[in-house]
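Before any questions on how it binds or moves, here is one chain, the form predicted on its own, in structure tokens.
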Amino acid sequence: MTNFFAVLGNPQLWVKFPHVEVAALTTGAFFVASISAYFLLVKLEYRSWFTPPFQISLLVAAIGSVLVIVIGHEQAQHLITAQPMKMAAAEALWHTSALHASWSIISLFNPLTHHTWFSIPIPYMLSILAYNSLSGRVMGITELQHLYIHRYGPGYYVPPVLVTYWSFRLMILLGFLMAVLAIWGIFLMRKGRLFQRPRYLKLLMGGLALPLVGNIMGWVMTEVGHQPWIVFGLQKTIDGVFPTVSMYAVIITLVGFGILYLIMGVIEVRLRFKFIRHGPEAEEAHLSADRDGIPPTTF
């Protein structure tokens, strides 16, 4: 790095950073809403405790979900010009589209032969997503591959299309489900029907997984989709391998960190379930005993 301020001025930063931050805020809101839904549904004695955080978290989740979609749309439009191969792979667009590009809800294809045998397209939608217009050509994988060979030299510049395509669609699907779930909850609250809809509270408890899986799918699409580059157009992934670090050292390190994070994750989940089951009064008594110098009760 020779210029830190050039990093701050990177246009990719100003579409990616807000997307990540709003997604993190939305994830936190869904966590609070899901835990609150559990107490509102199962432990009715805590209804007065958890109604206010439930209402606030649902509002934040609804606003955050909509902002994630809007900012994600702006990020995709930026990628059309900054990393067109990633977007072509995310759409499994083998050839440059006509003037009016369609977007596929689902496509079944062979990534090796570039043959699509089933697709459900929405006409004009890809042009709208790319340019906010009914017309606009989007470059395809085949044409971009030829262009990159001419520009960067011999090589294969197509990322894993299957992973990029489906992770992108799962991210979009989960994002819209989050928005619908949160907005539906706000509607039920305003109508005073929330406690008459136990199924919704059960759905919201399971909805905790939506932002978590959605975030993972977003990062999968981001990291897999820009292969074979570390820095697009400047450094390939294969050139980023340090010559003195062996393959076995990389594998051992990766497995070691994986095991460590797995252990930490199991411990965290067990602790969360433990304190959630006992409720806020048990936690309050636990903290009070600590303040008074009394050994805390072991649950």
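Residue numbers run from 1 along the displayed sequence. All figures in this text were calculated on a predicted structure; none of them were measured in a lab.
The form predicted together with a small molecule exists for this protein as well; it is not shown, and the discussion that follows is about that form.
Colleague: Name the stretch: of 193 to 201, 149 to 157, 106 to 114, 175 to 183, exactly one has residues whose heavy atoms fall within 4.5 Å of the small molecule in the predicted complex.
Modeller: Going by heavy atoms within 4.5 Å, the stretch is 175 to 183.
Colleague: Does the 4.5 Å heavy atom contact test between N10 and the small molecule in the predicted complex come out positive?
Modeller: So N10 does not count as contacting the small molecule.
Colleague: With heavy atoms only and a cut-off of 4.5 Å, decide whether G72 touches the small molecule in the predicted complex.
Modeller: Because a heavy atom of G72 falls inside 4.5 Å of the small molecule in the predicted complex, the answer is yes.
Colleague: Hey, in the predicted complex, does W219 get a heavy atom within 4.5 angstroms of the small molecule?
Modeller: Although the small molecule is absent here, W219 would touch it in the predicted complex, with heavy atoms inside 4.5 Å.
Colleague: Does any part of I141 reach within 4.5 Å of the small molecule in the predicted complex? Heavy atoms only, please.
Modeller: Close contact is absent here: in the predicted complex, I141 is far from the small molecule, nothing within 4.5 Å, heavy atoms only.
Colleague: What is the one choice in A130, A101, M171, L93 with a heavy atom within 4.5 Å of the small molecule in the predicted complex?
Modeller: Contact with the small molecule in the predicted complex is made by M171 alone.
Colleague: Given that the small molecule is left out here, which of M205, V163, A76, L188 has a heavy atom within 4.5 Å of it in the predicted complex?
Modeller: It is A76 that has a heavy atom within 4.5 Å of the partner.
Colleague: Would the small molecule in the predicted complex be within 4.5 angstroms of a non-hydrogen atom of every residue among I35, S36 and I276?
Modeller: Zero of three within 4.5 Å in the predicted complex.
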